[in-house]
Structures are given as C-alpha cells and as structure tokens.
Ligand SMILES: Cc1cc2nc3c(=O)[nH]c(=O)nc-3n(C[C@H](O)[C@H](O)[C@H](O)COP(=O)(O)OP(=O)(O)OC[C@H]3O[C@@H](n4cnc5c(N)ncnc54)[C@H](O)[C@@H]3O)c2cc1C
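Shown here is one chain on its own, the form predicted alone, set out as structure tokens.
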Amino acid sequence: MANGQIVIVGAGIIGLAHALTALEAGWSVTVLEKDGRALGASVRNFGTLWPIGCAAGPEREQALFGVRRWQELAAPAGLWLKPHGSLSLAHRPEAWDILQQYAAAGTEAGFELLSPAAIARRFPAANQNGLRGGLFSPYETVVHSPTALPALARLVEQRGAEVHFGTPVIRVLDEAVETGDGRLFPFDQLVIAAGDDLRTFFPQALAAAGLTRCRLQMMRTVPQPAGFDLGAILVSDLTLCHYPAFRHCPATALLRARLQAELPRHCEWGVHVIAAQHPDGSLVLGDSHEYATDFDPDTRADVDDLILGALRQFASVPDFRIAARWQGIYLKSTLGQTQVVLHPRKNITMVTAMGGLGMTLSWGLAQQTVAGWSKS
C-alpha cells in the first residue's frame, strides 16, 4: 500500500531520482514536465559522474552512492554507462603539489599518483609536453545524458508512476498543483525540481537562499577515428581550482593566483576544461561559467576558443572538428553550497543549485528527501 501521493515538478535528473526513490519506498508518484522531454541542465552536461570533485566526508559518500545507483539502474533502464575513471593532469608545479597533497590525505582507496612515463604508457592521449604527473581515480563514470534521461523516464513509468510531458505547472495550491490545461494534481508531498524555471516558484524563498544564474558553454567533437580511446575523463590545472574537493590543499591558493596571472581571460569566464568520450567516439568538451541575472542570447566564439586552447595544452586528440555547440543555464549558490534544499511549506521540497554535480549527487539527495517524509 502506498504511503501517499507524491507530485514532482521536473523530469530532469533531480526529479527522476526523487521519482524512482519514492516509488521504491512505496509512494504513488506523478511527474509533471513542462517540455516534451528533459531539455535543461540534465542533458546539457558532460554526462560525468564526478565523486573526485566532491569534498571528502558525507558529500563524497553521497557521490559514490550516486555512482552505484547509476550502475544498478543501467541494465533495467537500458542506458549506456562506462566506468572510465578520471585522470587529473598537472602541468604546473603548484598543480602537481595539489595532487600530491590530495593523495597524501588518503581520502579514498584506489587513487594512483602517476609519473609522466606511467601516464604515457597508460594514457597516450595525455599531452606529455611539460607534464609533471597526474592522479588517476577509478570512480568517475560517463553516461550519455541525452539518452540516459529518457531511459530513466521510461523506467519511472514502467515501475508505476504517471509521467506527463508537455504539462507546465502554473500554480501551487495548498494540497495540489494546477497545470496549464486546467487540471489539478493533488499531493501529500510536492518536489519542485524545475531547474532554472524554479525561479517562478516561491521567489522569496529563493531570494533568501542566495542563488544566482550560471550559464555555461559546451561543445561536442565529431566521432574520433576508430580505435581512439581517451582512456579516462581528462582534466588539468584549471579544474583543480573549480571543485570543492581540492580546496583544503595548501597549494590550491597558489595555483589559483598563478592561473589568474597567466590565464586571466580563462579565469574571467570561469573556464575549466573536461574532456569525456561518449559511445559514438565523440568527445564532449567544456566548459565556461558566466554569472548574471540575464544573459546575452549569443554564445561567444572567443570563449569556445579558450576552452579548445586549454584542451590542446593537456590532451592529444586526432580530430578537433566541432560537430555541435550549446549553452546551458542552472542556478548556483553564492554561499558555496553544492545542493540547496528549501521548504517553503511543510509538505513542499524545492531542490536546486547542485553546483554542476547534479548527475552525481541527485540520488543521495533523493534518498535523504524520501527518508525525511517517513519521519514526518
């Protein structure tokens, strides 16, 4: 017997993770998505599951739990998944110091500090010019977001939920939501996981949470020649200053200062570069970070050039031709939080601002949310 009725606004990764988790806990679930399919940040990303970017402790455990959930659901959902691992490359002495300090902290088993020679043997796509070493982590994984999200939505339906695409929610009442076609969907618990559109719900609660909008630019190459394997998700010096995991390393401030002096435009546009290979052999590349209330409609070719130039410094890729370019917008905490959960009413949960880690952290967050309902 179901515990009650859950309505979820948004069929991105946060919404679908809450839907599957609630179904498994015995709730009746309805998902309402304004578009005909997920089109927001959940499909405008690298598809990387990124525990190495998460701070050691509860958040890292949450990230590893997320990787396990994706692995468990890959076969039932029929989605592509590859446990690629990640290779953080250091070309500046400060970056190499960070990787050594990080590994010495002993945050996870399985990390390997690698010399340039070892990297050359195992990861020939890594650029050896000026390379000081690298850190391999086995936990990072790649999914293909544009096909993974529809696959999860189908699984949600197969397991008993109602999923309504093309159904925008226009009003939240005390115990129901109203959609644009005039229907009412009653709820015992409501989850609002509407991405950038979250701004249209409870704006006072959002304003108090200290959120800003973030726009990113990304690209995808043409499929690489047959037989080319990137070997891991590749990142380098710029990325070490981006994620929370490396903030505790004494050398991080030194690297940030050096990058500011050497690459001021990369820092101005928030460029840090990740390369991830997908099932057709193409590489997803990015990204930049621009913070504002509103953005110009055009993407910037010069920012794409910054990304590609930085990539060439640490990766040797046979074909740099770009097949597609896109932008994405998501909400981000100005207070340094990687997940913002708000409760504007007792039975309403708003989830946003995953700091670019939504694919990684959403499953653990959903588990926490659903567990909280059983205690209330």
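All residue numbers are counted from 1 along the displayed sequence. Nothing here was measured: the structure is a model prediction, and the numbers come from that model.
Keep in mind that the form predicted in complex with this ligand is not shown, yet the notes after this line are about it.
This ligand is not drawn, but in the model of the complex it has a heavy atom within 4.5 Å of residue 328. Contact annotation: residue 167 falls within 4.5 Å of this ligand in the model of the complex, judged by heavy atom distances. Not displayed here, this ligand is kept clear of residue 344 by more than 4.5 Å at the level of heavy atoms in the model of the complex. Taking non-hydrogen atoms only, residue 44 approaches this ligand to within 4.5 angstroms in the model of the complex.
Partner contacts here mean any heavy atom within 4.5 Å of this ligand in the model of the complex, and among 187-195, 74-82, 222-230, 119-127 they occur only in 187-195. Judged against this ligand in the model of the complex with a 4.5 angstroms heavy atom cut-off, the residues 9, 40 and 355 are in contact without exception.
Listed residues 307, 29, 32, 52 were compared with this ligand in the model of the complex; 32 is the one with a heavy atom within 4.5 Å. This chain is drawn without this ligand; in the model of the complex, the residue among 161, 249, 131, 218 with a heavy atom within 4.5 Å of it is 218.
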